[in-house]
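Given next, in structure tokens, is a single chain: the form predicted on its own.
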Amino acid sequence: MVEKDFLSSGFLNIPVPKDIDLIPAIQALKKEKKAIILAHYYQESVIQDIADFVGDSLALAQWAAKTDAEVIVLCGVDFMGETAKILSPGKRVFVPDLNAGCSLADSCPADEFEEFIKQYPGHVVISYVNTTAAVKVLTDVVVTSTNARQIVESFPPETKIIFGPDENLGNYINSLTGRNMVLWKGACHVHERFSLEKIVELKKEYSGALVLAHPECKSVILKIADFVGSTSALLNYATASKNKTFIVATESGILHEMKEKNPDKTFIPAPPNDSTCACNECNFMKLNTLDKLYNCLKYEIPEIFISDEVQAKAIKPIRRMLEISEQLGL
């Protein structure tokens, strides 16, 4: 029955008894299983609060590799679980809900990306870390939104480069470096839909507010931003800044950590253009809940599995990124 429920839903579909106090119950299970809970910045605040470490996608995988814990529960999306497993093949890695996919990763199917690469022989393939293990296998070097510019610039100017899957990030890097990388046309559904008009209205309403934007946003948003950077870079900038008010153009889950670290500052989520909602959330990230986290720890399912062959190939571009980053002092 348990296996059937899991296979039909992508998570363990067993109701948690109403008399269970979930947070202490999860803490007890974590201790019993010798587990560690990792959460992305875009998770619900209650998930972030119970996690042992909160960070962006690559940081979570690197933390998983450093820990002595035997069990890794990664509250994020599926490719993040894969990346953690790639870096920690000897550990058991779980994601509370395997339906927690990623629109950006899904926009780049490995078979189609492979055919795309064949159209451009002699090109170095650079892929954003927000990709599946299968796409990483096709990649020469992985990058993050933090180090993408520096890693691209580490190659000679005449180097022919394919960049995927995020077209907005690729365009942004091209604009900064003067490169003409061939771009795969992928995008994150959250960062694609920020409203320029509504952000401009917010700037009028909150005089002096700075706009912080993730480079996955469209160029029109990046052009009006006061600072562009990765999720962790936006957090660090807001914390270091003397400014008191910020309009944040990335998934609204990061506002929880921003407010935690800066209780005296005001953070306003940049609104999307396709609804009356005042914030912009990733529906995939929000699939992870305390109930699912509890069941995941209790029953040790669903687990991330990657074949030895894929793991051996997919880790190479990640190692290459780490090597270049170390050489550049990043």
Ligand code: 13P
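Numbering starts at 1 and follows the sequence shown. The model shown is predicted, which means the values in this text are computed figures rather than measured ones.
A second form of this protein, the form predicted in complex with ligand 13P, is not displayed here; the remarks below concern that form.
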Seminar exercise, completed: in the model of the complex, the residue from Ile47, Ala270, Met285, Cys296 with a non-hydrogen atom within 4.5 Å of ligand 13P is Met285
Exercise. Among Asn168, Thr132, Thr139, Thr231, which has any heavy atom within 4.5 Å of ligand 13P in the model of the complex?
Worked result: Thr231
Exercise. Which single stretch, out of 49-57, 62-70, 24-32, 301-309, brings residue heavy atoms within 4.5 Å of ligand 13P in the model of the complex?
Worked result: 49-57
Problem set entry | 4.5 Å heavy atom contact, Phe79 to ligand 13P in the model of the complex | yes
Exercise. Going by a heavy atom distance of 4.5 Å, is Lys292 a contact of ligand 13P in the model of the complex?
Worked result: no
Problem set entry | Any non-hydrogen atom of Phe194 within 4.5 angstroms of ligand 13P in the model of the complex | no
Exercise. Glu216 near ligand 13P in the model of the complex, any heavy atom under 4.5 Å?
Worked result: yes
For this session: Can you tell me which bits of 116-145 touch ligand 13P in the model of the complex, meaning any heavy atom within 4.5 Å?
Result: Tyr128, Asn130, Thr144, Ser145
